[in-house]
Ligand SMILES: Cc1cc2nc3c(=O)[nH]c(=O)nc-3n(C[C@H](O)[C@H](O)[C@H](O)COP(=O)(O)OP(=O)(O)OC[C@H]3O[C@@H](n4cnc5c(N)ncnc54)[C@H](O)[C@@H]3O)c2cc1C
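Below, in structure tokens: the form predicted on its own, a single chain.
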């Protein structure tokens, strides 16, 4: 038998292709596992050790630990690269916390947004600052929601208020609920997102009711022994052109990316209930529901759901019909705009419009670097493409490999069928 190492080009290709069904299996054959089902190191064909940069907790060339916010790098087992790893994370339970850090997430669409997760990461930092006297993170959630991963986001205590009075736009009722939380548990810190989704308004109302001077536009915290709270915060001011430092107050309105979201622990998210019923509030504001808006009239920079077309779209009438049925705002790649299929103001990317949609569906877009830069702030990206190796497929949270015309037709048929069944049931 020869001692010469024989290369298997196909296995090496599978090891580089995270979308291949045998990717994790081949990585495990080639080298050591990192505990998540993926190899972190293996011997290359020339005797050099190869490192997997997608492994959880990989240390980059500058000594910075890389964390994947999308969770793609944390897959395991037969669930695929994007499977949840909640079962493999260490569980943290704080039975008798020394204090509480209250967080009021926006919960846009009934789920935790990226901004909410950053805020919970900041609350986790405050709660875990002193291991001798650990605190607990309390999340106050209003109305119905679809979120089931509060524990993975770092929540120790969960107060879910589902009363009809706090549903929809009800700032006065929600303020009364937060005052009740203050009277029941007196949190050491209050954290709310400084966002246009409601957190900024509710946070300022709460500050006025509690008589606190809040810190707004906060994006960084630093330990400071001389400050009364032990922390100093840095906030954006002057329309985002200047930074100001001050001792951290009790109530903070923080910006997105104020901290790294929790990714390495799983917390209890123990349910709490107010000791008394919510006090009756004078309803001076009546929520009449959402106003129907034509998606075609929504600017790309403000759209929450975008259906974007690229060079792979052949049936443009079908694409426009799909956008109308789905209620999506239309976008396009630069190629589609240059070819005259879409207007210039519909171009997405670094050379067009930077978008922050909650859902971005890329139809027939290969994923040029300028386009990927323009969609980096989107929460969820869905790609429909014929090429399984294109960059857009690698970026997407959900990929559909197939003819875009047939996929859109099937999607429209399912939506119309569901609406018809709903009408018949009513």
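All values derive from a computational prediction rather than experimental measurement. Positions refer to the first chain, counted from 1.
This next part talks about the form predicted together with the named molecule, which is not shown.
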Sort through 129 to 137, 255 to 263, 216 to 224, 342 to 350 and report the only stretch with a non-hydrogen atom within 4.5 Å of the named molecule in the model of the complex.
-> 342 to 350
Is residue 398 close to the named molecule in the model of the complex, meaning a heavy atom pair under 4.5 Å apart or at it?
-> no
Is residue 314 close enough to touch the named molecule in the model of the complex, meaning at least one heavy atom pair within 4.5 Å?
-> yes
Touches the named molecule in the model of the complex: residue 403 (any heavy atom, 4.5 Å) = yes
Are any of the heavy atoms in residue 197 no more than 4.5 Å from a heavy atom of the named molecule in the model of the complex?
-> no
Could you spot which one of 335, 298, 247, 326 gets a heavy atom to within 4.5 Å of the named molecule in the model of the complex?
-> 335
In sequence order, which positions of 143 to 176 have a non-hydrogen atom within 4.5 Å of the named molecule in the model of the complex?
-> none
